[in-house]
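Single chain ahead, by itself, as structure tokens, in the form predicted on its own.
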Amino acid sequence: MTPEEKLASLGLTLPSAPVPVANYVPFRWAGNLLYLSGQGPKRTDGTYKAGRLGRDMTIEDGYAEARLTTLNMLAVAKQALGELSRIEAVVKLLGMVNAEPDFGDHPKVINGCSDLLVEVLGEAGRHARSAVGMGSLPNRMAVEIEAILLIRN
């Protein structure tokens, strides 16, 4: 099953790839590595659910926001690659969580991304990862995630 077929079997569809809102590109090539700029949980209507983990959002809310962020990341990857089956491996993720200072469950939030990548890409979706807390994120969004992907020739 291709990653696109796997997404469909999960009842998920990729949104249109988000358009950068500043002076940067959504992805950059370096040899066989594809670097994806940080993405957030942008909804199809262009809005974000504002909130901080440990104040406005539960771990479950953050997990769902990380899953939505992953769909946006995969949309950018598909834009760059044409098909997601070209992803040989997700090398590294950086997951940033908009959280209260005493919040300590950042990894549980970013698991929303990690779990979906493995569901869609199988072993190729397993990755090294950092999950860190931030004092704020753009648009007051709950999570932002960037990725480095190894791509098949």
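If you superpose the two forms and keep the largest set of C-alpha atoms that fall within 1.5 Å, you have the rigid core. All residue numbers are counted from 1 along the displayed sequence. The structure presented is a predicted model; accordingly, all values stated were derived computationally and were not measured.
Beyond the structure shown, there is the form predicted in complex with another copy of the chain, which is absent from this document and is the topic of what follows.
Although the partner is absent from the chain shown here, S37, L94 and N111 each have a heavy atom within 4.5 Å of another copy of the chain in the predicted bound form. In the predicted bound form, no heavy atom of E4 sits within 4.5 Å of another copy of the chain. Although the partner is absent here, E60 is not a contact residue: none of its heavy atoms lies within 4.5 angstroms of another copy of the chain in the predicted bound form.
By the criterion of a heavy atom within 4.5 Å, S130 is counted among the residues contacting another copy of the chain in the predicted bound form. Remark: G46 does not count among the residues lining another copy of the chain in the predicted bound form, judged by a heavy atom distance of 4.5 Å or less.
Scanning 135 to 153 for heavy atoms within 4.5 Å of another copy of the chain in the predicted bound form gives G135, S136, L137, P138, N139, R140, E144, E146, I148, L150 in sequence order. When the rigid core is held fixed, the Cα atom of P15 travels less than 2 angstroms between the shown form and the other one.
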